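Before any questions on how it binds or moves, here is one chain, the form predicted alone, in structure tokens.
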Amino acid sequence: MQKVEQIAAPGTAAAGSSAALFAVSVAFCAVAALAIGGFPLQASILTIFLFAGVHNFMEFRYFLARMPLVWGRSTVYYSVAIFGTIALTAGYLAIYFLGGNWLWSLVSWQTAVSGWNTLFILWVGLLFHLRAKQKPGYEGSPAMPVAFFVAGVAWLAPAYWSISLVYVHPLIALWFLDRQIRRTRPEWLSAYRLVLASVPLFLIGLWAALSTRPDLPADSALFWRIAQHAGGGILPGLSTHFLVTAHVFLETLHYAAWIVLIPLVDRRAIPWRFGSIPLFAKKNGYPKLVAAGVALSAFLVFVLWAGFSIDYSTTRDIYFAFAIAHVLAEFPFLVKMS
């Protein structure tokens, strides 16, 4: 009898924790949807102010824990990943800051954006191809043909491609969380995927409640930028009240995943656990460099808060320009976990 109880206890505990994860997550989604739907512009400003820098810090810390000291057979993969991240970030920043130059015509700017999109898509396709070659039984990969097809679609509808990235990016954190739960807390996976299944239902509910609402006020440059960032100039058939709410809702889930849930399921991502970082803890590692990197990233969080406090609009614009680096850095690690 005692053995039966000992066997049953872990299963009961796992079921209880899974139920708690589902209940708390769905409740959080419901509260977030209601609060953001009521005050979308205020929610956008507040969430970015509070969590944008913090979640970048947590991402950086998570990636440090996943970067091996010795690349071995993944040398080509990581080399392509790092070079692509740096080159695409530099290209994006050049387009962003030079796009308003009088020497650039509208056609030149659109061509540059479409060219950048093409390089980005092909880079991601190459990462999937290189990752597939590392798996046993490799017999070819459809990654590059698919990438060329997607690049062609992006050329046909560059504006819609760009806005799709705005809405897809927050979901990448949820994909990371799914992969991480599968590895470290598999007993939570079913409950978590039920939570994921509820996210489209919340978006449908927001659309039903807000799609016919008047557009949000655009009487300031900041409010106009927030609406445009959510697709207000590209999806004119939808109320900006719904678009901003939907985008901030997804970004809130993105922040919650990186700041709370991923460290909860992977203790290596807890900031002060330096022993879990191979580049820090292993022999021939770079402990001083890693410590300096973590300290610098934490310092930048406070710099960002200070910038938001002094001039929110300008800091927001600069942040979203440089934030492309963390968006790009997510792909190599996500593909590696696939």
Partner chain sequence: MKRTALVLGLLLSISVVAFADEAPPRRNTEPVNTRIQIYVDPDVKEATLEIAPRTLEELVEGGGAVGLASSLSRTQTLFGGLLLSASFIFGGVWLARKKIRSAGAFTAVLFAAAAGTVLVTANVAPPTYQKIDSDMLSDKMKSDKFARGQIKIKVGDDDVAEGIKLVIPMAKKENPNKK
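Positions refer to the first chain, counted from 1. What you see is a predicted model, and the numbers here were worked out from it, not measured in a lab.
The following text describes the form predicted in complex with its partner chain, which does not appear among the structures shown.
- Shown here without its partner, the chain carries Q110, W224 and I234, all of which come within 4.5 Å of its partner chain in the predicted complex through at least one heavy atom.
- Per the 4.5 Å heavy atom criterion, its partner chain in the predicted complex is contacted by stretch 149-157, the sole one of 255-263, 73-81, 149-157, 198-206.
- Its partner chain is not shown here, and in the predicted complex it never comes within 4.5 Å of any heavy atom of P136.
- In the predicted complex, A218 approaches its partner chain with a heavy atom inside 4.5 Å.
- At least one heavy atom of G140 is located within 4.5 Å of its partner chain in the predicted complex.
- At a distance threshold of 4.5 angstroms between non-hydrogen atoms, S164 is out of contact with its partner chain in the predicted complex.
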